[in-house]
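Next up: just one chain, as structure tokens, the form predicted alone.
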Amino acid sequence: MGNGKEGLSAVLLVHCVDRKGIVATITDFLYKNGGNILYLDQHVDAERGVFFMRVEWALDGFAVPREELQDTFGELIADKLSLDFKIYFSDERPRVAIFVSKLQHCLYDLLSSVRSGFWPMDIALIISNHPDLKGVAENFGIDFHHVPITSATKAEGEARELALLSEYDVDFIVLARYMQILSDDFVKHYPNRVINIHHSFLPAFPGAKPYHSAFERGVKVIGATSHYVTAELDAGPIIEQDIVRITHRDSVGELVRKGRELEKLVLTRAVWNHLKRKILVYANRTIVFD
């Protein structure tokens, strides 16, 4: 499967009706064109009869030019097998917009990850419905736009946000504890390209102080969920989840600290998997390859 050396590679994501010969046909195409496979994983949803695959191969010495790969694979393989597919390249750097409100823990984690130099993405801008985190953006040299949102100005505010996303040529959006509900119309502009993070207390503990409510009930587990945003609130395809245990010795402050640490971790994993093209969305579920 290759020696794992760094270099330009292509990633192919595929899903289709399951049947014999799909893996053999695709790998034969790569072999005959000089492709060195670096990674291959597959999954069959037996209940639905759907096949999913992710394959990555080195482009050094590959016979099909990069600019022709989409059309060539489509004509020779995908059209004949009725595959839904997408091809990505390892040197692509998506441009991301981060939406925030007042909480900064997830924002700082994303900014630090990108500054480390290991994340293949560029933060194009930060948008917030409050001015509080403008200084954070300035410290990292990132454009900050304050777009106030109220029930009366929601349509106008989202129109401004969409205009900014277009102006900055944004590929996907991360809601880093952005405390606003996006409208259906907004979400339709970025299908499976808006990643959200939230704690696991909903719907049992709604409101402004869920950790206080959870403390009063003596909960024993805190969780966090990251998912793609859809028109139905907090019901989009789940990308990543995790939990941390707590005890009667933990104060409300400890619950909040542990919860926010978990939110950072889960959101980071979700964004990383999106960046590395490890996610396939099908029927409001995700296939997240290793």
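Definition used throughout: the rigid core is the maximal C-alpha set that superposes within 1.5 Å between two forms. For every residue, the number given is its place in the sequence shown, counted from 1. These figures come from a predicted structure and were not determined experimentally.
Heads up, the form predicted in complex with a further copy of the same chain isn't pictured, but that's what we're talking about next.
- Contact annotation for the candidate site: Ala78, Ser82 and Asn192 all lie away from a further copy of the same chain in the model of the complex (no heavy atom within 4.5 Å).
- The partner is absent here, but in the model of the complex a heavy atom of Lys220, alone among Lys188, Lys86, Lys220, Arg93, sits within 4.5 Å of a further copy of the same chain.
- Contact annotation: Gln104 falls within 4.5 Å of a further copy of the same chain in the model of the complex, judged by heavy atom distances.
- Although the partner is absent here, Asp169 lies well away from a further copy of the same chain in the model of the complex, with no heavy atom inside 4.5 Å.
- Using a 4.5 angstroms threshold between heavy atoms, Asp109 counts as touching a further copy of the same chain in the model of the complex.
- At least one heavy atom of Ser116 is located within 4.5 Å of a further copy of the same chain in the model of the complex.
- Heavy atoms within 4.5 Å of a further copy of the same chain in the model of the complex are found in one stretch of 93-101, 145-153, 179-187, 208-216, which is 208-216.
- Annotation for 163-194: no interface residues with a further copy of the same chain in the model of the complex [heavy atom within 4.5 Å].
- Taking the rigid core as fixed, one finds a CA shift for Glu254 of 2 Å or more between this form and the one not shown.
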